[in-house]
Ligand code: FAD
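Just the one chain here, laid out as C-alpha cells, in the form predicted on its own.
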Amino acid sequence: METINTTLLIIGGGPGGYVAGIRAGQLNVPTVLVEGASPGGTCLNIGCIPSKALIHAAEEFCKARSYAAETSPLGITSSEPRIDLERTVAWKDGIVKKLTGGVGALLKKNGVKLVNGWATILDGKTVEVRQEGELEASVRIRCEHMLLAAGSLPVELPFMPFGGPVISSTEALSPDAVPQRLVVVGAGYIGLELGTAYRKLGSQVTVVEAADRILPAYDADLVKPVAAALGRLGVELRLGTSVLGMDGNNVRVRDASGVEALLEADRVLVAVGRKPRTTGWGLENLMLDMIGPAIKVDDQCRTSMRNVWAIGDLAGEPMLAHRAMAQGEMVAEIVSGKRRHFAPAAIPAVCFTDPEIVVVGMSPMEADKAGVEIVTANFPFSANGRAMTIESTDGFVRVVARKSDHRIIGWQAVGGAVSELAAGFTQSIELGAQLEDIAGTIHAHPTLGEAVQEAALRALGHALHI
C-alpha cells in the first residue's frame, strides 16, 4: 500500500475543506485533500449553486408564462412557453462542472495534492483512502495535522426513508420530469426554496409544516411577504400539521386538531434539516468530545484531540458554506504558524425564497431577550424607486442599533434581490458602524441600497422619503 506523508490532511473538499487547502498551499504548508466525489462538496455539486440555478430557471419560466397570459403590467406578451427540462438540468450541470473544475485547478495551482477516494480514519495521524476506478486501490496518508471537513447530510425520516417517490434535495435538483403533484415536508428555507421553484415550473405544491408558520427560524415580520407570495403562486400550506408516513402514493398527515388526511403526491420532497456527517468514515476512532450530533470545537476550531481540527457543518450550527470557508482559512493560517481566532461580529444568513430574506446580527426580539436597549426602524421597498422599476416592492430593510451609542448590532431585510445587500450589512457590523455612519454615507440612486440609508435615517428620526 502506498503511503503519503504530509503536514496537513484535509478530509472533505467542500467549501471549508477546499478553501483550507488553497490557503494552506499559499502559505507553503504541505497539504493533501481527500474527497470522494467532486471538489466543492454539497454546496457546489448538490446544494447552494445548483439550487440557485434551478430557482433562476423556474423564475424565468414563470415570467414567460405570465407574458403568455397577458398579465404583465409591462405590456409584454408572448406565445405559450415550454420548458425542456433536460436542457435546463444540463445548463445547471454545466455551471456546477465549471465551478468544480475551477476548484480543482486552484488546488493544483497552489500545490495541494488532491486524492480522490473515501477516507477511513485509523487514528489522529493516519487515514486509509479507498480509491474507486477500474482497479480499486488504497493509499495510507500520515499527517501532523488532520482537518475534518466532511460536511452534512439531509435528515431522513425513519418512517419515510428516501427512495421511490420520496426524495431529498439532491434528487430534487436533477429532475427528469416536473411532477404534477409535489408534497414538501418542511417549511424551512430548503423546502420553500425548492417548493417555490417547482410551483413556478408547473407543479401543484403542498407544503406540510409541524410549526404554526413557515420559516419558523425567522421572525414573523420577515416571513409575511414570503407567505403572501406563496399564496399568490397557489402554493398550499398545511401548517401545524404532522406527517405520519406514506399510504401508497399518498402522504398521510394529521393536523393540530387530530384530524387525519391523505395528500396525493407524485413526488415527496423531505426537507426537515441536515445533520453532521459523523458516521461511515471512522470518526468514532478518535473518540472526540461532541455537542449533540456535532463535534465540539473551540474558537480556533480545535477538537478535544491535539492537532485534530473540525470545521463547517461537522462543527454544528450555523450550517453555512461561508462560515465553513472562513473557518477553513483560519485553520490553515494557524497550522502555518499565524495567530488567529474565529470571532466574527456577525455571520449573514440568506433565504433564497421569493422574496429573499437576509438576517445579520441581532433582531429586535433577540436584543430584547439579551437585555439590550435598542433603537430600530425599517424602510419599505414600496417607497424605493429601484424596487418599483423591478416590480419588487414587497418587503423592507430594518436596522437594529444600541440606544446608548447608536452602534449597529443587526440588519434584516426581505425583498427581491436583497441577498446582494448581505455583504454591506455584515461589513457595517464587523467595522462597528453607527447609525450616523450609514446615514451619512452617500448611496447611489436609484438602487435598493438607498433603503439601507433610509432605514438608518429613520432610526435617527429623519428619513427623507417616507
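So that there is no doubt, residue numbering starts at 1 and follows the sequence shown. Being a predicted model, the structure only gives us computed values, none of them experimental.
One more form of this protein exists, namely the form predicted in complex with ligand FAD; it is left out here, but the text below deals with it.
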- Message: Only one of 197-205, 286-294, 147-155, 101-109 has heavy atoms within 4.5 Å of ligand FAD in the model of the complex; I'd like to know which.
- Response: 147-155
- Name the single residue among 360, 183, 331, 324 that comes within 4.5 Å of ligand FAD in the model of the complex, judging by heavy atoms. 324
- Heavy atom within 4.5 Å of ligand FAD in the model of the complex - residue from 32, 43, 400, 438: 43
- Message: When the contact criterion is heavy atoms within 4.5 Å, does residue 26 count as touching ligand FAD in the model of the complex?
- Response: no
- Query: Taking heavy atoms only, is residue 48 within 4.5 angstroms of ligand FAD in the model of the complex?
  - Reply: yes
- Please run the contact check for residue 17 against ligand FAD in the model of the complex: heavy atoms, 4.5 angstroms, yes or no? yes
- Message: Just checking whether residue 117 would be counted as a contact of ligand FAD in the model of the complex - the rule being heavy atoms within 4.5 angstroms.
- Response: yes
- Query: Which of the residues spanning 279-313 lie within 4.5 Å of ligand FAD in the model of the complex, based on heavy atoms?
  - Reply: 281, 311, 312, 313
